[in-house]
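Here's a solo chain for you in structure tokens, the form predicted on its own.
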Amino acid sequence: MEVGFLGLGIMGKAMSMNLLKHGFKVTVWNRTLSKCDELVEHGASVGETPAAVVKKCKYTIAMLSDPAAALSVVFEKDGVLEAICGGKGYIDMSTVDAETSTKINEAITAKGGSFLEAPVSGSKKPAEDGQLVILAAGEKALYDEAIPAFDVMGKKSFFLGPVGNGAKMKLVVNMIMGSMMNAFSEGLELADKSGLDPQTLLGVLDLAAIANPMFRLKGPTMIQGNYSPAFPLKHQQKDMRLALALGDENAISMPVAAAANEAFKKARGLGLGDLDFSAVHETVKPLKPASS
């Protein structure tokens, strides 16, 4: 099976590498073409533009940073829309809002192509291990055809119906995750400043009803102050913002998510946007006194 892959950031690189390791023929593109070099060493081909990738491949997957990037790759010069046609499928695995997915879907299908949105739950390590959760919506026939690729990149795929539902589900999941990360950060700091061992707190949480993989994975590195990016904080804040907009559309009061969003914005203001989203922990630490 030959697929195109647009976007080789933290997630896209890992996902396309898994496809290569499992025997897929992959043609890659990234705005900074030098990011393609490592994939080429593992057998990938390079497309000079998104249109060139779509022209070559029956199926093209995109994993881009935000709605603006997702739209530009489709609509700008040498973009997906210039080459999409009947018999070709476009699968956008970026985390965007439903409005963006709908706009892309309408443009792709107007040219005779088929479209699937398929954002994922999971960050760098699950992407590397092929353990993502795929939240797909759109053309069911394309979903069925994409299952072999999804099975390599993820541990479970869900088909959620019409375009927009995948985007909405991903935003709900990431809104919950971002809110949890803020509560977790406050708990670690409260334990520490109350004279408790944060490592012992992690042990207690892991045996409690609220045990979860995120606490288990992120807790030890947060205690060390190590925020090597698996999921950049700036992207988590973007997802919180989009989730809050979805709440506005549906008249849902979301005070916990709104407070979490403010904490992520504060972290971005402190210059932590490119670190892991767990770096929001730094916002609850007391300010260090200025040196005299």
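Fair warning: this is a prediction, and the values are worked out from it, not measured in the lab. Each residue number is its position in the shown sequence, starting from 1.
One more form of this protein exists, namely the form predicted together with a small molecule; it is left out here, but the text below deals with it.
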| query | finding |
| --- | --- |
| Listed range touching the small molecule, judged in the model of the complex by heavy atoms within 4.5 Å, from 38-46, 51-59, 232-240, 253-261 | 232-240 |
| Any non-hydrogen atom of residue 4 within 4.5 angstroms of the small molecule in the model of the complex | no |
| Contact of residue 266 with the small molecule in the model of the complex (heavy atom, 4.5 Å) | no |
| Touches the small molecule in the model of the complex: residue 134 (any heavy atom, 4.5 Å) | no |
| Exercise: residue 94 in contact with the small molecule in the model of the complex, heavy atom 4.5 Å | yes |
| Option touching the small molecule, based on a heavy atom within 4.5 Å in the model of the complex, out of 284, 20, 10, 270 | 10 |
| Contact residue in the model of the complex, chosen from 72, 109, 212, 102 - any heavy atom within 4.5 Å of the small molecule | 72 |
